[in-house]
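A lone chain, given as structure tokens: the form predicted alone.
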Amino acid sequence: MSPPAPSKVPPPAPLDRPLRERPGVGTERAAQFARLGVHTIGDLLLHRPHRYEDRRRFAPIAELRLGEPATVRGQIVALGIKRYRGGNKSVFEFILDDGTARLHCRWWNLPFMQNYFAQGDDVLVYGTPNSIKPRTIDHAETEVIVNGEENSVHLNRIVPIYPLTEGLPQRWLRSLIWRTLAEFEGKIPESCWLLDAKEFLPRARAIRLLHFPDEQSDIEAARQRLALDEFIELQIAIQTRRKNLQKHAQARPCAGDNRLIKTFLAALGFKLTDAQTKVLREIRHDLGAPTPMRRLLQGDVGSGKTVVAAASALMALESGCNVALMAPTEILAQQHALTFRKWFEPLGIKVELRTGSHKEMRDERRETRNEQRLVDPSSTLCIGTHALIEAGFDLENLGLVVIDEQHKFGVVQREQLVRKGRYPHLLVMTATPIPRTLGLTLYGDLDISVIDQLPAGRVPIKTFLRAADKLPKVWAFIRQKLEQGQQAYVVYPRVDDSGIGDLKAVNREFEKLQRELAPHRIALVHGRVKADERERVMKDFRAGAVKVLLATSVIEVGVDVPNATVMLIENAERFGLAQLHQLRGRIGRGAQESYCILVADIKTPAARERLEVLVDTTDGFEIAEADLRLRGVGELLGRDQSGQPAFRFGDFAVDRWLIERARALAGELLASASTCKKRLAPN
């Protein structure tokens, strides 16, 4: 019997072939491309230019303006290296002449640059003049023009300028992409989703115009088409995950019977807002559904999310299930423990706290039986920090998971807690309103509820932006408020003085502040303060024994002291808008007028524009959109935020309409359950 024929491995698709197979690439160049994340022919065709130069016209050197970037072309008339005493410092310089004037191009401490140029070379220079007498550009981007060598690629057109790595020349890369497009453009597959050709370019055409646009408008049209493909792929993944949950997960019935909620609401002493009531109806519907709830609750600072979380927990507890609530900091977890014990213990519900420094158990017998396992069948609310997702923690009959300040946790951490039970319901909350674009992407697998109404009686917070030279007046104002019996927060960006720059640190400023605000008692709290000391300080501040709390952003969440009416934040330009909005939310919780004072370096227009957003509005959603627009998603969420999608072309700040279109198209595609085929709507 003859052995079976070896199975043939199908050859890779054309765009999946390794880049090293391309003529002229080889092992060394392939290693350079790998540093840029470019491994295949497809990766190369999606290597996005970081800018473009319109080389159909150049600026005359004589017309260069200080601080304004420009591209010029001329001949090198002189060049050389000047070395300074000791030989450790040098400057390489060439002088470019285009017939209108001369331009000095300099590179400091890069003597090897002389190897790239010769007198008489025809050179393109892009940069920003830092001097006009003489006209000078330091560390410019340059490209030597070689007569007759693909000038149609490098000249007389809108030319792409690519991100590079050491040893990879701009001109060589542009030529490689030109040749690769010529060979592979016809092999670029069309996406499988139905698109209107009048609205969106075909994918192959978009890739060509990405690299070699005919007009400036082609660049954005190409980016939008390729961004749409990225968003659709993401939406398909999100919606597929949601459909799989609905198909395979059987939820515990947790809608409750109202026996605890009625008593709880009656004892609150205030009436829920219409917005809170609406959200609770949405949550009750989800908790009684056959598939597990996956809901995001957004509400501005002080909108009453905690009460909604409490009522939601009571629904699950009424149904005989346990509830876990995870908070990002010990301060917030402790605040929740105090609040929920006040609310729940009169109802006979046990509230446990579990953080890095608190591992409470209800009795010694259970601790002996299993040191860290909660096995009491009676319904329990367990509040904790990251300690809840540790391997040693388990909560039987887990019906509902509540995650507070969702933006502080990654997607993976969220999933770790959910896996503690058998498909528990999930409610994630944030007081940092999420821009619509992020709600459709990072949180696209969640239904979204919004509390868009503040409780009655809240007095709007007044916010002021001041330069550091106004601090004497600010301290005088704070002393006046303290003498009236009110309390204040003072926030600095650092714990200790690093010796770098002029950032203020709480440990360094503590004694100065004691002198400045004497005789009023000041206390210090930050992440390095031991838990028992931090708890004592917070207790004294809540009781009014401490008049001023000096802190870092550790108080961003979890501090609720109605008598605190002043928030001073120094070096405010170092905080994000959403974080400043959260800090500001620590005041304005009582009936007295409250004041937030931002002290910042506002010399630059950009810094002033950003902080003026806080002065102009207290609307968290408006602030969140501005934060996304001004800082981008990477800075907004943190670069290591788990679950953050990496896009080459998509831009959360401007692509909301594309994301919404992608969501609809992905839904249509999954609903049809048809095989993807190449298809475009007719012209």
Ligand code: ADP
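From 1 onward, residues are counted along the sequence shown. Given the structure is predicted, the values throughout are model-derived calculations rather than measurements.
Below, we refer to the form predicted together with ligand ADP, which is not included among the displayed structures.
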Going by a heavy atom distance of 4.5 Å, is Thr441 a contact of ligand ADP in the predicted complex? no
Should Leu272 be classed as touching ligand ADP in the predicted complex when contacts are defined as heavy atoms within 4.5 Å? yes
Contact with ligand ADP in the predicted complex for Lys547, defined as at least one heavy atom pair within 4.5 Å: yes or no? no
Residue-level contact is defined here as any heavy atom of the residue lying within 4.5 Å of ligand ADP in the predicted complex; does Thr463 satisfy this criterion? no
Identify, from the list Thr565, Thr432, Asn322, Ser303, the residue with a heavy atom within 4.5 Å of ligand ADP in the predicted complex. Ser303
Quick check on this chain: which one of Val159, Val307, Leu226, Leu513 has a heavy atom within 4.5 Å of ligand ADP in the predicted complex? Val307
Stretch from 467-475, 212-220, 130-138, 264-272 whose residues place a heavy atom within 4.5 Å of ligand ADP in the predicted complex: 264-272
Using the arrangement in the predicted complex, list in sequence order the residues of 275-289 with any heavy atom within 4.5 angstroms of ligand ADP. Gln276
